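A single chain comes next, written as structure tokens; it is the form predicted on its own.
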Amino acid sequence: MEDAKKLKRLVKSVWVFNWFNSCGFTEILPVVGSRWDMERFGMIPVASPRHADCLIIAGYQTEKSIRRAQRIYRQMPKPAVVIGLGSCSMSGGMYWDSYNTIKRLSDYIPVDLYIPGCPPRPEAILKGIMSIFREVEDHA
């Protein structure tokens, strides 16, 4: 019985769709690289939001880009997890005083988890993803 539980944990993965603007891609690059290797921890990047369990949004969002992010979110199967990565998704970051910058992502899309930093440390990103794993496991 115990081996079955361990095996169940081994086969779990979160399929991730990334939506990055500006410097958002550089925030997750260390996690994608060989040192941290997100796939080793069960984070699988997918090419379509229709296959994704988790949406990671990074970089500042504008009035135009947030409409696309909302469309991506609507295409995801429910329950969908949204992670706001970096200070730009929380407060607009260094662009907070721009007329066209979205100040708080959760005003437009339901955000389950914010990971602060500019850029966030790889450890913080992986810890956030692991908390999503635990949340899913508790509800399973």
Partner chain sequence: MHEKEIAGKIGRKTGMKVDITRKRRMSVRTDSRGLREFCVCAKELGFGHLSAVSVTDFIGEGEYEILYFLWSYQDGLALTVKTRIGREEPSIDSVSDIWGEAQIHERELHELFGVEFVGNADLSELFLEGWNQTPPFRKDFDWREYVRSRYYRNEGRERGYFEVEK
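Residue numbers count along the first chain shown, from 1. Predicted model, so just to flag it, every value in this text is computed and none were measured.
Keep in mind that the form predicted together with the partner chain is missing from the display, and what follows is about it.
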is_contact(I102, the partner chain) in the predicted complex, heavy atom dist at most 4.5 Å
yes
For S98, is any heavy atom within 4.5 Å of the partner chain in the predicted complex, or not?
yes
Since the partner is left out here, which residues of 52-75 would have a heavy atom within 4.5 Å of the partner chain in the predicted complex?
E63, K64, R67, R68
